[in-house]
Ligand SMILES: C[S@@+](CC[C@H](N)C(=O)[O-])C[C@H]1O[C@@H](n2cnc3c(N)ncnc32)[C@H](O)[C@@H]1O
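Below you'll find only one chain, the form predicted alone, shown as structure tokens.
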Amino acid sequence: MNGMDPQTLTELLDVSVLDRLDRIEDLPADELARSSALRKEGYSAEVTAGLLTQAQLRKDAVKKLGPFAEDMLFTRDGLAQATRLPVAAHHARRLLGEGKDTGGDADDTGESADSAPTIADLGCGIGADSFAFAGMGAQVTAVDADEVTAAIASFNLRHLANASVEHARAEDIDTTDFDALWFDPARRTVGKGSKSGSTARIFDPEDFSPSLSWVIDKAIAAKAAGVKLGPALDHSLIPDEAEAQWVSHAGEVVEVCLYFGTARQRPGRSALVMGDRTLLVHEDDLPAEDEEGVGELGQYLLEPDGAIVRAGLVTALCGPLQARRVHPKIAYLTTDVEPTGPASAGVTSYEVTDVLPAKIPSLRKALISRGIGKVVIKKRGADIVPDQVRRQLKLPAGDKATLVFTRLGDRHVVLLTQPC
């Protein structure tokens, strides 16, 4: 499932091979030339492929793990499911107690390793969350059912004395031994007939490994627990005992987490926007149904962050931003006042300069007459394919604008906008 066999990993973990990986930038940038150079140095085809793959994965991992990536090993699926470091730190704060000072050395806090809170990371993957848990003072037991993944996690956590790794199924761990539990059930499986280790997404939560029902039962019984899942989670699967928090980081929706016990701050749904600015929205912030406004298009169109949309909390922004919906079923807001203040971190703002017809011939004519030759196309409530529309428009060179295909009442329209 991880795309790497144990023998290849064993060879990669050889000290001389790891040293070559750390110095791989000494080789030419071209991959074919690198491969040829490594073969001339005596490395087998398998080890050469492994070195080149790890070098690329380390580059890819910088977006999630920053400078720590250059000292780690990965599998493709492990990196894809790994938590970004700022988000992992947020997980750690939730499990260890929001506002509690968990940083620093044990000597600084007066705590020994024996008195530190214990966390079981069940389904640890390459170890990103365990890295944050241990880095913030917890005693961590990281567990993964896949042999190669567990070995990679062990390598990645080797500098943290308060983290250990076990190759085991989550179901075989005595969860009552820990102060907090963290679950990241596997949501991909090897595709049928796959010879390359390619994986496919699992859609039935009971087919996750471990199953979602097993995870939730253990989480409810724990003192504190968190469950990381994909952001498309059906709201009907959220148990009453949990807080479901959708998270976006740097504009990308990355997860929904279910928090239980002392890790839960408030029951219900919330959305956390992380980036240059941070915003937390909770369903308690929603207006009453009879106060949800749908009105005329204003000077500004507001696109709520994806985490807020996934959490179903779009109208929670209406009051703080003096905004209203453009349509009762479309996640765009509009306002006559340029968004400012904390809530503006939850939207991308566009100034509306015109409302254009949605028919391609008429739209093309309108754009050309305004000197528009390059467009970014966005859509909500419109059955279009942006790349196809762009080709159909065949615009000559000109200014850049953002086109928003949407609905105003029963009308399909195109809003000509400029980002604020």
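So that there is no doubt, residue numbering starts at 1 and follows the sequence shown. Treat the numbers as computed from the prediction; the structure is a model and nothing was measured.
Omitted here: the form predicted in complex with the named molecule. The next part is about that form.
From the list 186, 318, 165, 274, which entry has a heavy atom within 4.5 Å of the named molecule in the model of the complex?
-> Going through each option in turn, the one that passes is 186.
Answer with one of 138, 181, 128, 307: the residue that has a non-hydrogen atom within 4.5 Å of the named molecule in the model of the complex.
-> Comparing distances to the named molecule in the model of the complex, the residue within 4.5 Å is 128.
The named molecule in the model of the complex: within 4.5 Å of a heavy atom of each of 326, 351 and 403?
-> Not one of the three qualifies.
Taking 4.5 angstroms as the cut-off for heavy atoms, does residue 241 touch the named molecule in the model of the complex?
-> Heavy-atom contact with the named molecule at 4.5 Å: absent for residue 241.
Does the named molecule come within 4.5 Å of any heavy atom of residue 209 in the model of the complex?
-> Yes, residue 209 lies within 4.5 Å of the named molecule in the model of the complex.
Would residue 175 sit within 4.5 Å of the named molecule in the model of the complex, counting heavy atoms only?
-> The answer is no: residue 175 has no heavy atom within 4.5 Å of the named molecule.
Even though the named molecule is not shown here, does residue 146 get within 4.5 Å of it in the model of the complex, heavy atoms only?
-> The answer is yes: residue 146 has a heavy atom within 4.5 Å of the named molecule.
Which one of these stretches, 116-124, 279-287, 338-346, 263-271, sits within 4.5 Å of the named molecule in the model of the complex when only heavy atoms are counted?
-> The contacting stretch here is 116-124.
Can you tell me which bits of 154-173 touch the named molecule in the model of the complex, meaning any heavy atom within 4.5 Å?
-> If the 4.5 Å heavy-atom criterion is applied to the named molecule in the model of the complex, 154-173 yields 168, 169, 170, 171.
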